[in-house]
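This document contains two forms of one protein chain, each encoded as structure tokens and listed individually as structure 1 and structure 2.
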Structure 1
């Protein structure tokens, strides 16, 4: 009798082990680390709210293999060291995924940390889901089998930004944050200006300390004195909002070409003085659905707006969780190695109906992007300002895709 009981317990333990740590815990846990305090907390908090809203929907549809997703937040205070502490906590708890959006310097540290952990611990691997750290290097020379990027990289966004410049713009000013991402934007914008718009003169080019500038008036004075007709910037968070606010308040005759003016707090900072002057490269804005006649996506927007005082701009986050669910279902397991292989070259349709592909060569997402213009007269305004984002241009996936230099090393499946 005792032998029978012990045998049954052993079989139960074996069965539990075979379905992986995420299933053994009852939910599929995703560690999420971003700034939830400090100067960039508004972006991290808005991301977290949108992710949980999306996961409620994904879970209501059955999650993955009948298991619900659970997001576990960790505040990294915009510091790579704190992100690595979050990674250690996630691996200690056998979480199969860690997700991070803000800060390419943090992304670089996570890629290195995940690579080292997975090499040392083949029975406790973890996948890094990158939802917004877009330095071009991360899916080129720093690419990793364990890293999946679900946002267009800086060079792709730079190409879209440059293509959106009208023919009457002859002088531009570049201002970016002085860290891996900002340096990538600085380099990539100049590359595509030379390639696509050799007629455009760069009359100013500066890097600023990340999150340290409180008064952008001196920068605006220099931009005005340069004769620039347009400012091109990858700034985000307060470095974006305070910059545009300073320019609008000073009444400078300038157009702003950005990558992140549409994030939380951007509309309020821009205000009515920015009508028709601010552009942003984006994966989604709330007016795209009615513009293309997608009733389902528009209903999603209305439901989100009824619950939150800021825009739903994170359609890309919904794509991430739908990809994860599809990858886990395809793999038949939440085991990170099996899911990583299942995600390669996986294609799904996002909730706008566009096909999105995860490129196998470098684990870079490929899909369409938009250039939004901040203006009056849109169906859905932003942050109760009376102005919102309308689509000024659409760039198809085939036109945004760029070659990669990634030389990926894959583990045995």
Structure 2
């Protein structure tokens, strides 16, 4: 136990010698937790870079109530327990917000943890900002007053994917990762196909163990044999990259509909072979602004390109911080309970000019969504590959919005 104290002292000494987040006084602190080390560090790192870029802009515009926002990163190593420890740190320091983007397992733990914390400590509440955990349950069965989701959930993304499917596609193949997210994509895509495109036939439906398949050639063979024209998948990371690469290598005439091909690293991993074949359901791509003629937004994202070796894809993050600023201004304080009420049914115009709304019933963001196609000859290419994302379809908010089963419990304000 003496060791503990010694180690702790050493730690404290190290911390004051300070290789750490630069804390400033009088700021509105947002705890941010995602994997920042280990094999999946790229997820958190890319998010963090974009968030800081956005925050610099928002702070230069005055922040909220004259205070600047400050992001405090916590590494959760993809472990729910570490995310909960980060939650403890955030509440110890009375931070009003905690933000997390990657992994519905961690999101579920955080929703539960925040609910319990806020019920047990009414004087020290915290709001959980979900910037990318997409399990549909989180705003249905598990919905919480303290949880705000700023990304379309799996069912909405599936709806977008199905609506963007061209009319000439008659046979599709589904391939998903065998866990909560992949299974819900599988289920939702089939539901929407039956509802919106009864002419489309599902010729194959496959689940693969998460991150275990190293060679997708056999799957490609099977897809080829089934005669499918399009492959619909919710896969991410190596499970998506290797699948698309194997398909391109085998020269199968197939269109790939994905949900995550546009994230940082995706363009490099797919490579020039994906020209005109890969589609991705996305909230933003860099060519939307020039396509709709929004010069201001174009200049703003162009500046990001100059600084970082990957694309800016997180327009959703900018919406988050603009919502928070608007919510705090509306509430007149950064008190979590007041801000939480202020955010409900709040509407703003995002920087592209679309109207975005935070639905009161389940705290799910509602806004338009896009499907991009990865191809040559676009104005802004991705990650210096010469290929980039062009908008193939725009799906309006009303076509995405879905009913919720959430029965929201609200505290007394």
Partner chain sequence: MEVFLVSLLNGLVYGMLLFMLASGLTLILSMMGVLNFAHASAYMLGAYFAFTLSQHIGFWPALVIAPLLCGLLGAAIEMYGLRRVHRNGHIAELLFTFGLALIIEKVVQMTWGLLPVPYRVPAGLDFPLFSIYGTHFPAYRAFMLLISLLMFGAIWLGLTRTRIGLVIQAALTHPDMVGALGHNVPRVFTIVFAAGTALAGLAGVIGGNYQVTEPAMAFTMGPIVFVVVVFGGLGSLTGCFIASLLMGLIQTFAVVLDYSPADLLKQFGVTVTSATPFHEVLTVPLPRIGALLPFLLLVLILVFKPRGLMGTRDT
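Owing to the predicted nature of the structure, the values given are computational and were not obtained by experimental measurement. Residue numbers count along the first chain shown, from 1. Heads up, when I say rigid core I mean the largest set of C-alphas that superpose within 1.5 Å between the two forms.
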property	result
Selected structure - criterion: the form predicted in complex with the partner chain	2
Large Cα move at residue 206 between the two structures, threshold 2 Å, rigid core	yes
Residue 338: Cα shift of 2 Å or greater between the two structures (core-aligned)	no
Per-residue C-alpha change between the two structures, residue 100, threshold 2 Å, rigid core fit	no
Core superposition result - C-alpha of residue 245, shift between the two structures, Å	2.8
